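Encoded as structure tokens, the following chain is the form predicted alone, with no partner shown.
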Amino acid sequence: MAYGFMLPAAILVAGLMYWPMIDTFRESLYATTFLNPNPTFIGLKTYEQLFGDSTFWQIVRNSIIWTIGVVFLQNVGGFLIALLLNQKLPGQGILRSLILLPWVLPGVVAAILWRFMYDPQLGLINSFFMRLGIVEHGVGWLAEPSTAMAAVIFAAFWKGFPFSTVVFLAALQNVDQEQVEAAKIDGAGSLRRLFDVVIPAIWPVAVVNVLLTTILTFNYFDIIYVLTRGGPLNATAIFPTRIYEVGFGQFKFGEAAAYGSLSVLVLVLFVGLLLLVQRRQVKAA
């Protein structure tokens, strides 16, 4: 009976998720171009070409750097801001509402905003740094391979940190205050109470939040595409932007499908590694 109740949901998930993944892998075994729309079976030849292409490994490296950078900043920044908003502050309700504004903005709108912010001549960031004497002239943050990735990571952090803030704030409000007060009576300082009482109490929520933000960030498309389109010189190209460029820009649907299949594999390995580290930490504790 239990399997009978599960069957409709299982069919829905299989039809909407697993079958498209299988069909994408099947399509990656064929070569299709704009000039030759008829699929030609080539087997694993596309994968062999990708593994021997330096651009593919650059995209893998960029995707990992992008994901780690954004997830780290969003979780650390979101946690620190959640700690602040968890205090009794004047206008607390208004502050909690305003903190959600970056998150509710459409990704394209947020990217256009940051594109103006990073402008070498008129951008607010260059103007601020020039007034402080940090730089002498406007910096092309999005035009230089050495700064483009850091620029898009910070923009994505600004866009996504409210999500982590809300998650951590909800977790902090469920921390047992009697344990916090007991630690305070025992002479534990603020940092000691934070690391010995608060963080262990919200750790399961933090792990789930890291996993969610990892999956969302790895597959994120709007910010990078609007800001740099994967440039300059593929310095910010990640799997979603590369799939879009190859599939809808060059009409190489087989190669785009191969990139999609490999992106799923990289994400599964990435998330599996996070779960393995988390499980070892739990056993050690």
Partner chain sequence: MASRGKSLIGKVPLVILQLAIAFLVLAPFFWMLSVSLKPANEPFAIPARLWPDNPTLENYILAFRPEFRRYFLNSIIVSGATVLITVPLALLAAYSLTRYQFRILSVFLAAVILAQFFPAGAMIIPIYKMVKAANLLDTYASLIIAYITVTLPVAIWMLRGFLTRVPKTLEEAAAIDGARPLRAFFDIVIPLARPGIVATTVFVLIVTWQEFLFALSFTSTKEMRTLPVGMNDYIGQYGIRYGELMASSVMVSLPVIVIFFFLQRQFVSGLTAGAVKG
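What we label the rigid core is the largest C-alpha set whose atoms superpose within 1.5 Å from one form to the other. A quick note: this is a predicted structure, and the numbers were derived from the prediction, not measured. Positions refer to the first chain, counted from 1.
The same protein also has a form predicted in complex with its partner chain, omitted here; what follows describes it.
Asks: Taking 4.5 angstroms as the cut-off for heavy atoms, does P102 touch its partner chain in the predicted complex?
Replies: Residue-level check for P102: yes, a contact with its partner chain.
Asks: Is T147 part of the interface with its partner chain in the predicted complex - any heavy atom within 4.5 Å?
Replies: T147: no contact with its partner chain in the predicted complex.
Asks: Can Q58 be called a contact residue for its partner chain in the predicted complex at 4.5 Å between heavy atoms?
Replies: So Q58 does not count as contacting its partner chain.
Asks: Please determine whether F154 contacts its partner chain in the predicted complex, using a 4.5 Å cut-off between heavy atoms.
Replies: Residue-level check for F154: yes, a contact with its partner chain.
Asks: State yes only if every one of E27, V109 and I112 has a non-hydrogen atom within 4.5 Å of its partner chain in the predicted complex; otherwise state no.
Replies: The answer is yes; E27, V109 and I112 each reach its partner chain.
Asks: For the chain seen here without its partner, which of 43-51, 252-260, 230-238, 65-73 has a heavy atom within 4.5 Å of its partner chain in the predicted complex?
Replies: The contacting stretch is 252-260.
Asks: Using the arrangement in the predicted complex, list in sequence order the residues of 126-164 with any heavy atom within 4.5 angstroms of its partner chain.
Replies: Result: S127, M130, R131, F154, F157, W158, K159, F161, F163.
Asks: Taking the rigid core as reference, does the Cα of G15 move 2 Å or more between the shown form and the other one?
Replies: G15: C-alpha displaced by 2 Å or more between the shown form and the other one.
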